[in-house]
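We've got the same protein chain twice here, in two forms, each standing alone as structure tokens: structure 1 and structure 2.
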Structure 1
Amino acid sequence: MNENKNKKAQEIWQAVLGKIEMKVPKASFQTWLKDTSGVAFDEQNSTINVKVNSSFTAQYLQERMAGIIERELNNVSGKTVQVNYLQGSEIVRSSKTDSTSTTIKKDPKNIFPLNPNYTFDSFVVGDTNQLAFAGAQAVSSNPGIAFNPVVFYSGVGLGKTHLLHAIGHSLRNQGKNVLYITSEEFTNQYIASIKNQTTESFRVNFRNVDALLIDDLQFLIGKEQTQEGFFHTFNELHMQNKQIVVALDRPLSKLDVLEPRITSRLSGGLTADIQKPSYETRIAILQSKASTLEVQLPNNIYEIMAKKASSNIRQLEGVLNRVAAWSQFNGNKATSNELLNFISNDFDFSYQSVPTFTSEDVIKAVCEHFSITKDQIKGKQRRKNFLIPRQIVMYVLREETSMSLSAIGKVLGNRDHSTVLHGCLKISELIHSDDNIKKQIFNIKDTLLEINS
């Protein structure tokens, strides 16, 4: 019975994520939703339990994204469903709706859960990820000995997180104490330990492990104090031959604003990149995911989806989740033509390539579009003809790259993160109220996509 509840929860929540991914900014989805998972669905009480990485994530989803989550959840399930967010085995209550404090279990295995779907068995190996997969298996067999540290890097949604979770599952099955965490949560924990004067507890939690797996390490850029904490944690674990695995969105050589002493230590182990999957690999991924969802689609549908969503695996999953959900809600009786119509009518693939352009590419494109110079866009003048282009650079970098607010500020004349955040919010508002601004941003993105191609 519990197994059915878990399976139903996974199906519903994956379908919801597939819908939301198409409607919210990429950065928002990756930060708050990509690592969530449905763990139990109670049809009688109309509730679904969703596992999150931290209480901070749960509160953000409850307070800032409740509307779109409830709407898509109701659309998928066909009725009103209440969401309970779990950290470990405890429900996390929003401070706005429940003033009582919730006790969260401090077992690291519960605080930082692994996605049950991300295992070695479910990872589809192709020509573009063979080295990374082999390296992941090697450190799972001989942690701290085979390769240490291990660095995976790739564009968004190509399997880095999957491999981190797969390593975590394998080591935990061997009885190892494994800590998986995003760099954002690592930062939150480190800052909290300083604020609450619990740095000793922080050191114990992060250094008494057999393996430390950190996702999206590039988000430490611009956070000098947190980099200091990571540096000392790395050194302590490495000296004890404890396994360290990190994931990045770019090669180490391009982490020019991360402290050199950190990149130097990371380069001392195995570095493996993951490229975009080939057409054949994309079809194999779709068929594997469809098998997990227990849905069968005509071969030509797999082929079309593989062509439409060619940029990354997460796009493939998002497309497949929606198609699978639609097919299941139609009793798995949808014809090939009906599925084709659904794909062509319901998806916008205009901007689905993984951007490989740099901050300088964005600055150059915006400068050329508005006929201004780089010095003017990076300068201090606040005239509207300089300020709006500057804020557009902030917005595009925030939405289309994984740069932190601090890193964006650094390339725009050493502005602070609050200025960048204000600029991003300003452009977000203008997009909805000013069609001219919206059109200009589309034109700039078109220019960048040409650079990318």
Structure 2
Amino acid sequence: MNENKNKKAQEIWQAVLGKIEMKVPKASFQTWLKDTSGVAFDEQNSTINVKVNSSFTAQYLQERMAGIIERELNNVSGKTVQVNYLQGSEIVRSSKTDSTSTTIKKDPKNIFPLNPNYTFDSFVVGDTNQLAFAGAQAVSSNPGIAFNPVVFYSGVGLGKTHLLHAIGHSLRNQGKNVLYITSEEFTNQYIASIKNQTTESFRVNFRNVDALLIDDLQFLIGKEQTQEGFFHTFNELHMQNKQIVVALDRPLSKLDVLEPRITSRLSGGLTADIQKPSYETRIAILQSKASTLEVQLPNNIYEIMAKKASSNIRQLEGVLNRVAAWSQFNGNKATSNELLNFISNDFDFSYQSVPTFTSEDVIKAVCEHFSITKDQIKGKQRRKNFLIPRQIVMYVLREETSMSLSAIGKVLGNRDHSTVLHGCLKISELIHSDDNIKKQIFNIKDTLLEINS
């Protein structure tokens, strides 16, 4: 019976992973999902236990990927399934917010340990994050006094959580009682305390900290009652000069969906945004991460990575991790060209899931690249100068968009789907045998990515 449960869990989870892998960037998949496994499926209660190797992974999956995981689980199993994330034999997170799930550890400090890698030392300071960094340091030297509250905001993967943890480490090293919590977990605990009529102990729990670091506060949007709870917690701490630090994915001015009195409280301290890092900072970050990983790569490799992965630092790290792993796997003997090759493959994959350009964008990019006209690329002539670019358009459209073969044929002068299929296959072959073509396609995709951003 137990064995059956396990086998079913494995099957279901593998199927879910298979589906998610096609929908999320490769970096996220590798980082968060690749090493998870389904270990038990309880048919009757519709729960699946999934093993993860850190509580961080569990936290991430639950906070950032819950939607897609839930959907795919639903698709695969045909019903709504609750996920319990297990580390060892212990449930560290659960998708069930219901307070009756008693297996979740209740002490908030245990739920969110600080990531040991997220320190001030490992944070690379550049133009776009220096105010936030300075604010974080000021808070660490003078908690509750320098700026209170401190609010960080930025898009994803730009260092907010890193800074919150760095503050946490620093304050804990000074013997302070620090609570780091996501606002989602705050919500869960608050709701549970109302249900269980333990709001008093909830308050005491939070009131007794020297610093409250609350991540992703935007989760409170639309949760009026929890906002109320947060407002009171905030006031109690603030009145006692306890430090409050908040991370948000958008500026306060765009937070009008939160209660005005909360936004007004939040704007009373220091607000610091973090923007995308500059090219130079991205290189510095890569070099710093590489030295932590104990790998050394040629400079041009960092440059390429920094050029390609510009949207956030998590993505940058993902690329570096894979290149580093690959390079170590090859005994650190890979030549610059081999590394380059690896990276270009890697980028081909990781960008598959951002198909936001149109067929016309692709045709235009390819025409410009080869200095030919749209009529030539769509026309009947089978000269190599037109044929290859035409086939590249087919290939790129097939790879980067969800267009069908016949739809692609249609935009390319009404060709039929078998011609398109042939073209795609031709280019797939060439990519493996002809480095020059590969680079050209790489450049074209680059142009498209720029259109995208």
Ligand code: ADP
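Here the rigid core means the biggest group of C-alpha atoms that line up within 1.5 Å when the two forms are laid on top of each other. For clarity, every value in this text was computed on a predicted model and none was experimentally measured. Structure 1's sequence is the ruler for residue numbers, which start at 1.
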Form predicted together with the named molecule - structure 1 or 2
2
After superposing the rigid core, is the C-alpha displacement of His232 2 Å or more between the two structures?
no
Kindly check if the Cα atom of Thr281 is displaced 2 angstroms or more between the two structures relative to the superposed rigid core.
no
Superposing on the rigid core, is the CA of Gly144 displaced by 2 Å or more between the two structures?
no
Core superposed first, then measure: what is the displacement of the CA of Gln376 between the two structures, in Å?
41.3
Once both forms are fitted on the core, what is the Cα shift for Leu33 between the two structures in Å?
7.6
